[in-house]
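Shown next as structure tokens: one chain only, the form predicted on its own.
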Amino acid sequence: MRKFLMTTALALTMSAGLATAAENVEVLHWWTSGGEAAALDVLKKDLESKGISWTDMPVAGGGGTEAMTVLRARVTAGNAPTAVQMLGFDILDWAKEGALGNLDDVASKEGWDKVIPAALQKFSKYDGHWIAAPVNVHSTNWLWINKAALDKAGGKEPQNWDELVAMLDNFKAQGITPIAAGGQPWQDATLFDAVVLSLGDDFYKKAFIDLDPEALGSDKMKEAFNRMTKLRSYVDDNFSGRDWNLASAMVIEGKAGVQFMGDWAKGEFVKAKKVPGQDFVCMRFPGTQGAVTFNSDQFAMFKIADDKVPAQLAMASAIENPTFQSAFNVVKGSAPARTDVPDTAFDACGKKAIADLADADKNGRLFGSMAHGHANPAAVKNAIYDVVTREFNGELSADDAVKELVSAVAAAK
């Protein structure tokens, strides 16, 4: 009996030790704006309710570039976090290095294959195994317009390029900054994404997904750069280096008319207690109606010590829970990563995002965003960033930008 009791006590002690070691997740992310932090808090509280503590490792920088630099240093030092917020091809790059864990057990048990769209699974799986848990689907080809400014401009949402220019001219006449922008390469590229898509689905696909040199060097691409030059004329002088959420605040406060940004911007409007249709208008970039460029925030799960894996799997399960998917994405401004989440709790912009995503997926008009790492690997994306930013800042003419784009992409492939 004494031997039995000692063995049982030892087993319980070991079990408690494993549970303690497993009851924490260290999460590296770049969700540092007000709206993003509020959304992330939903996940933290959900895990805390399951007895799992959260060690936060935020790295500021909207595009995630700085976070990836920090991550590389951590992994090189043999100290990978439990989970890392990551986009598109960055996930696959880490998977190729053999750095990511395996989520097959929880994914199979919960039937992720049936409810997560194939376009997302392309980045959530590697070599047939689940390696990341998608949190959401952001679409990037949005306009966020100050409603009062739009009403003064006639109240009509612009449906094409000419109507967009007319609206911007009206904003200028009102004495406000027409376009709220942040002079950061990923923000410039987000705008360029929408401009290229507005010139045709096939053109976008050939240029940014197929990397067709003919499309990259075409007159249509020159037109895209000319449109960027035109849009640059509506940006204020102090835009260089401005974070995207500060640009959102300009629209929220009526200091600017419109922001071209992914639907994470809506989180800032929601946090400021603004209501769609009443305080602001959400619409697709003119000429891209019916098409969607997307990126998906996912938590890539790194290979970690065995005793920490249970908490990692619990985090992955919590992320894919339909109740959490609804609660998180209502706050974040995005659409759920699962197709079976009802839109009941979402506002008008959220319902539109979910419906647009379903239609684009069904009609073959859902495209990975170049600007957000879902069209091509990082080397190609960064090469395009460089050319787009230089042209937007007047360092290259449209003619020169087209030539540079062709050669830069060729060198980066």
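Nothing here was measured: the structure is a model prediction, and the numbers come from that model. Each residue number is its position in the shown sequence, starting from 1.
One more form of this protein should be noted, the form predicted together with ligand BGC, which is absent from this view; the next part is about it.
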Assert contact residue (ligand BGC, in the model of the complex, non-hydrogen atom within 4.5 Å, options W264, F208, F260, F299) equals W264
In the model of the complex, the residue from F171, Y126, W186, Y234 with a non-hydrogen atom within 4.5 Å of ligand BGC is W186
Contact flag, F367 vs ligand BGC in the model of the complex, heavy atom cut 4.5 Å:
no
4.5 Å heavy atom contact, L199 to ligand BGC in the model of the complex: no
- Message: Taking any heavy atom pair closer than or equal to 4.5 Å as contact, tell me whether F324 reaches ligand BGC in the model of the complex.
- Response: no
Query raised in the report: Taking heavy atoms only, is W30 within 4.5 angstroms of ligand BGC in the model of the complex?
Result: yes
Within 4.5 Å of ligand BGC in the model of the complex, heavy atom basis, the matching stretch of 214-222, 338-346, 80-88, 151-159 is 80-88
- Item | Complete contact of E36, G62 and W244 with ligand BGC in the model of the complex (any heavy atom, 4.5 Å) | yes
Within 360-374, the residues having any heavy atom within 4.5 Å of ligand BGC in the model of the complex are H372
